[in-house]
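Taking the form predicted on its own, here's one chain by itself in structure tokens.
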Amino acid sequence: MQVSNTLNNSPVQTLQFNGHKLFIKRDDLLNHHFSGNKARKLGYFLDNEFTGIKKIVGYGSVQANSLYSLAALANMKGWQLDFYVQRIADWIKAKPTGNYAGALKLGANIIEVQELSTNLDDYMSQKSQKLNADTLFVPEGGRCRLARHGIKKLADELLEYINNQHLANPVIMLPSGTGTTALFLQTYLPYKVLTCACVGGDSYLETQFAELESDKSLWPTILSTEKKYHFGKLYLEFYQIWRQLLKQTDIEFDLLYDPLGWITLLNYLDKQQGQEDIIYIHQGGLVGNESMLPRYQRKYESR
């Protein structure tokens, strides 16, 4: 599989949404296999050679964007990917779709570990300490310091755009899973970076930040959500804003992270007094919509 090693310089699109002028950093257009933040977080592995490496090990959800991108990385480098998941639902085993299907086609070895005496994070932390020298380990979602390499390129692109467009008061917004991209962006940018916790609550996100950066002054600003949402659960307001965005902007966003990101951002903008130049980072993840969209349609369009 031929993939460019220079996955950068995504365009910025200016648009109006709900009365707000916004700038969209289209990282979703970087590459089908390494769309959005995975192109950034895996940039170090794409840009460098690893002598003697035969395997890469990762873990997370069976429909994680990282599963598909790690499978593409392994395929490109001639490695084997072992990807550990807690559980694979019977329906997706019977009819693979989305990131799971894409990873299987790329040769990923997806390992189900249902019976755990601890959580998957702890299990993989212990397992990572026993790997052979010919094996690379990538934490869930690419949450590691090596992610700085690609995120630095993203920060440089943002700085160049801000300077070229003479934006007076730029603010960067992106929703977070592990928060790795938002954290490292804030360390490289002199502007405010906003994020919201999509996978856990604010305290979960702060814990993720602390593992990679002890200096809290370098952390991005977490926008608290007005309602507690459970990751992966279907919410009518998520589907509504996703459809509204598609209709008004003609841009397809991810159905797991972006709906909460946009709801949180709009709540923030409604409370702001001054004028800010909001740059929203579209982090890709659209392969996951192949499984998420039918679920939303079955639940909310069959009534």
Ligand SMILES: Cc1ncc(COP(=O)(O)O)c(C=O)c1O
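Please read these numbers as outputs of a predicted model, since none were measured by experiment. Numbers for residues come from their place in the sequence shown, where the first is 1.
One more form of this protein exists, namely the form predicted together with this ligand; it is left out here, but the text below deals with it.
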What stretch, of 53 to 61, 268 to 276, 31 to 39, 243 to 251, brings heavy atoms to within 4.5 Å of this ligand in the predicted complex? 31 to 39
Whether Phe45 contacts this ligand in the predicted complex should be assessed with a 4.5 Å heavy atom distance threshold; does it? no
Within 4.5 Å, heavy atoms only: does Tyr257 come near this ligand in the predicted complex? yes
Closest heavy atom of Gly98 to this ligand in the predicted complex, within 4.5 Å or not? no
Taking this ligand as it sits in the predicted complex, is Gln186 near enough to touch it, meaning that at least one heavy atom pair lies within 4.5 angstroms? no
Let me know which residues along 257 to 295 have a heavy atom within 4.5 Å of this ligand in the predicted complex, or say none if there are none. Tyr257, Gln283, Gly284, Gly285
